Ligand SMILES: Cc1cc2nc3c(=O)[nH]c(=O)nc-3n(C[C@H](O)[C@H](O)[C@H](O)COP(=O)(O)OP(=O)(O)OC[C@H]3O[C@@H](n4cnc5c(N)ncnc54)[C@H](O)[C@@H]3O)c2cc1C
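Below sits a lone chain in structure tokens, taken as the form predicted alone.
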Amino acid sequence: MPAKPLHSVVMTDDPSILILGAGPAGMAAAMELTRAGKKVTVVEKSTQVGGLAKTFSFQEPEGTYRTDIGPHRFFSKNQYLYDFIEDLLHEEWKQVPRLTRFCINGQFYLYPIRIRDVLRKIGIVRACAMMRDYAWERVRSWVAPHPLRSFEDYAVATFGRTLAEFNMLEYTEKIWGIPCADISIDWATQRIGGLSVVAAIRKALFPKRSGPKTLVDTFYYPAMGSGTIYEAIRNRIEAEGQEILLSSEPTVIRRSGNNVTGVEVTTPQGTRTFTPQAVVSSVPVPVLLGLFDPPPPPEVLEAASHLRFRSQVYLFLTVDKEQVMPDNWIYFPDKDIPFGRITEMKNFSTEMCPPGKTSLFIEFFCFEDEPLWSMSAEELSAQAIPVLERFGLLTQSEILSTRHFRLSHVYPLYDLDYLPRLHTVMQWLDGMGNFYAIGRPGRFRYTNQDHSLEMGILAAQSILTAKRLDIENVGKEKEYFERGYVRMKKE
């Protein structure tokens, strides 16, 4: 919640554009509109810009530590986005080699999977089971094809049961907290579409014949964290006289028919009322619909009430050690391990911690009604540190400090019934003449950072051209999400 107002003040403002949410999508929209000379006001609930891509900074006796909210690397198939960020950061970002692994039964495997790596470690019996199940699925797809409805259906049909269980199903259930049989196939086609055993074999046999679109082995990263992008936008637009209201949030969105006529915003200084030309919003869909006055139709509210998000709790450790692991991040699918992923920010950029020290960012997945959501740093540490010690990553005595925090509305949950409900909601929102829903929470779409940026830019261009562009289909290509150009600069 925003800070309680010091006193009740009502101010009336009339900016051209009101942007609700200062995440990647909202800040990209603000930058694009500022470049075009539009007046913009940005409203952000948090104390800093960047949304899920912000970078936290912590001061310790040995120096400053920085961390993103998990791994936020940048890759895209859209050169415009590289140019967009290059204009903001200039030479302040670097190309980083990627090393990612997943840990299963104490063994560490490269991710995305490398066939030779897997076969070398799993043994002949399990390797034969993988090949048998994969061959069976290929035959069955020809002889007796059946409709694929869930993530489990897709993963098993694409990889075979043994490989799917080995590499995908358990971790996916850990993220979402529901069985893979209850997760929509859209999650599979969006996140791993185009990834296959054949693609993995081709990658193993011809590692250099990948072309500009590839399974991303390198990525771009700002030297001081992903949040640098959004802080740079903030600096740029504030220098142009634009206003960013932090620790603030909308409380009422007034509408007349299909147009927004006013927005009340609670700030630390009091309540402000805006009468904007247009509104761009990345407020989480279920929260957003509760703000409208008059409210949306009952069927829209009913549909939105069933759209669920998965939340996260984070533990940040500063470590008296040069390096914990060589990886950028590691996944932990095994259900007996309480956390799902760890990230070492120093392996993104040495600027993220003091010399001779490092840090770990540990992610736990949960719903907000689960005990994990309310755990203290001490309770989370008691769960996590023995596991890290067991794998030889660090010892309790090497930990200098611990911090923890939590975020809601992190992952939109694609259950089997989400799509018709989302269609009902977005059809109503997109029917608003001067309202644009964008970003991961605003469109209930699990998109990457580059897609959120693109949504914000398209929303801005829609306003500038008075022609609603196709925001909905950004990032909906039926191919593996981790494909993209890794070359930014033009020769």
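These numbers come from a predicted model, not from an experiment. Position 1 is the first residue in the sequence shown; the rest follow in order.
Same protein, other form: the form predicted together with this ligand, not shown, and the subject of what follows.
> Which one of these stretches, 48 to 56, 460 to 468, 31 to 39, 419 to 427, sits within 4.5 Å of this ligand in the predicted bound form when only heavy atoms are counted?
Contact-bearing stretch, as computed: 48 to 56.
> This ligand is absent from this chain, but in the predicted bound form, do Q95, G225 and S359 each have a non-hydrogen atom within 4.5 Å of it?
No: no residue has a heavy atom within 4.5 Å of the partner.
> What is the one choice in D186, E170, D415, E363 with a heavy atom within 4.5 Å of this ligand in the predicted bound form?
Selected residue: E363.
> So this ligand isn't shown here. In the predicted bound form, which residue out of A278, V410, I237, A129 has a non-hydrogen atom within 4.5 Å of it?
After the contact test, the surviving option is V410.
> Check E249 for me: does it contact this ligand in the predicted bound form (non-hydrogen atoms, 4.5 angstroms)?
It does: once this ligand is placed as it appears in the predicted bound form, E249 has a heavy atom within 4.5 Å of it.
> Spell out, yes or no, whether the shortest heavy atom distance between R341 and this ligand in the predicted bound form is within 4.5 Å.
R341: yes, in contact with this ligand in the predicted bound form.
> I'd like to know whether R161 contacts this ligand in the predicted bound form, with contact meaning heavy atoms within 4.5 angstroms.
Heavy-atom contact with this ligand at 4.5 Å: absent for R161.
> Answer with yes or no whether Q312 is in contact with this ligand in the predicted bound form, where contact means some heavy atom within 4.5 Å.
Although this ligand is absent here, Q312 would touch it in the predicted bound form, with heavy atoms inside 4.5 Å.
> Hey, which residues along 288 to 305 are within 4.5 angstroms of this ligand in the predicted bound form, non-hydrogen atoms only?
Stretch hits: zero.
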